[in-house]
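Coming up is one lone chain in structure tokens, specifically the form predicted alone.
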């Protein structure tokens, strides 16, 4: 047992509770939140190092051994996702200090962000399916508050839609867990996998449960056709909240699909994985169409989230070592670069006062650093070699080709060019050309302070791309657990 496993959950939880007692002291809230987020990053780095050296780490809460008690499990996939989440949390909190506004800060903004990190890190770390539901709810309740905080008309309208969708999906989640428990008699994820493997003739009910989980996690992850709520809901809140939701929440849904489909439903893949593959390809197409159709910079990046989800899901549906490696690479890349892009377009909107791409251009004349940071982020997102998006997408395509799924792989390859077009559209129309309008005064928008967190994330993304060989052993270790569930089972059940 290793107590390090619980710290990425405990540190933000303790921080959130402490901050709630100092809601009016904004300065204290800011710097305690930044300090705690930095501490969570350090803990997550130590966790990745420990898992890489000593293998999967587990912690039985209350000393009740698995499968009877609550177990936290940190394999390499979980540890890498916790580290990525913590880094994004740190950058967004730093950005929030200069952009979120004093009124939101006085109304528990920082404690709620910490609660959101509790939910996300907990979902990545939990070893039983019911506590995955619990951490989902913690994450969602925090996101409801963040979404509505500020009380504008669009926020209230979109929060109602977001709340309704998630209440329905949470109900379905409980129903799916209840059905699964009625068959296997356990909630521990390693034990569930073991019990399903013991069933000789796979009953149809397990396929139904697999589809139920796909609907639940598909709603969270915004895959086709369950993405309908996302463009509006993510458009409404301020930029730091949009960055947190866009970079983290949908990825928890995708992680849950990867975990359950590789640990529970891998015995008979003929129906479930075929369905997953079709949904993945259509999700990519929908995302690309949306991103090239809009001239609103926020909508362009939001629809690119949907495209990325399709690419990651495609690798999971192919379920080979190569495609899974690609999916994990791409998942980590996408979390970082999407957060960076949201922060960058936040600066653009703050300078120009609009998110409509047709209403501004020539930003490069006054903001050359912002321009080139955005350019690097854009080509990283599109997967131009050797930037971070390339390795993951290439491995996903290679995995698809190797499995004979040529059509899907070709679609992902072609749509990569359209993704590049969608983000370069912002660069060409917004940054390039002659400036023929007056932007806000540089000093009044705290340009340099806002740029620092975005540069941190873009720099990490560049290092991730150029240092892909250094990252490969960690990703490979993560994929090994996904491809060989017995490693996870042995580590948790100590058999």
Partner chain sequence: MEILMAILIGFLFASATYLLLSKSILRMIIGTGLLSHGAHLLILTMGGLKKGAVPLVNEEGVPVTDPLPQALILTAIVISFGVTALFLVLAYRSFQELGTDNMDELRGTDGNE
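Numbering follows the first chain given and starts at 1. Remember, it's a predicted structure, so these values are computed and weren't measured experimentally.
Form predicted in complex with the partner chain: not shown, discussed below.
From the list 408-416, 78-86, 135-143, 248-256, the contact stretch for the partner chain in the predicted bound form under a 4.5 Å heavy atom rule is 135-143. At a distance threshold of 4.5 angstroms between non-hydrogen atoms, residue 358 is out of contact with the partner chain in the predicted bound form.
Although the partner is absent here, residue 158 is a contact residue: one of its heavy atoms lies within 4.5 angstroms of the partner chain in the predicted bound form. Although the partner is absent here, residue 182 is a contact residue: one of its heavy atoms lies within 4.5 angstroms of the partner chain in the predicted bound form.
Within this chain, residue 235 lines the site of the partner chain in the predicted bound form, having a heavy atom no more than 4.5 Å away. This chain lacks the partner; the member of 211, 275, 293, 154 within 4.5 angstroms of the partner chain in the predicted bound form by a non-hydrogen atom is 154. Residue-level contacts in the predicted bound form: of 350, 195, 104, 299, one residue has a heavy atom within 4.5 Å of the partner chain, and it is 299. Scanning 395-434 for heavy atoms within 4.5 Å of the partner chain in the predicted bound form gives no residues at all.
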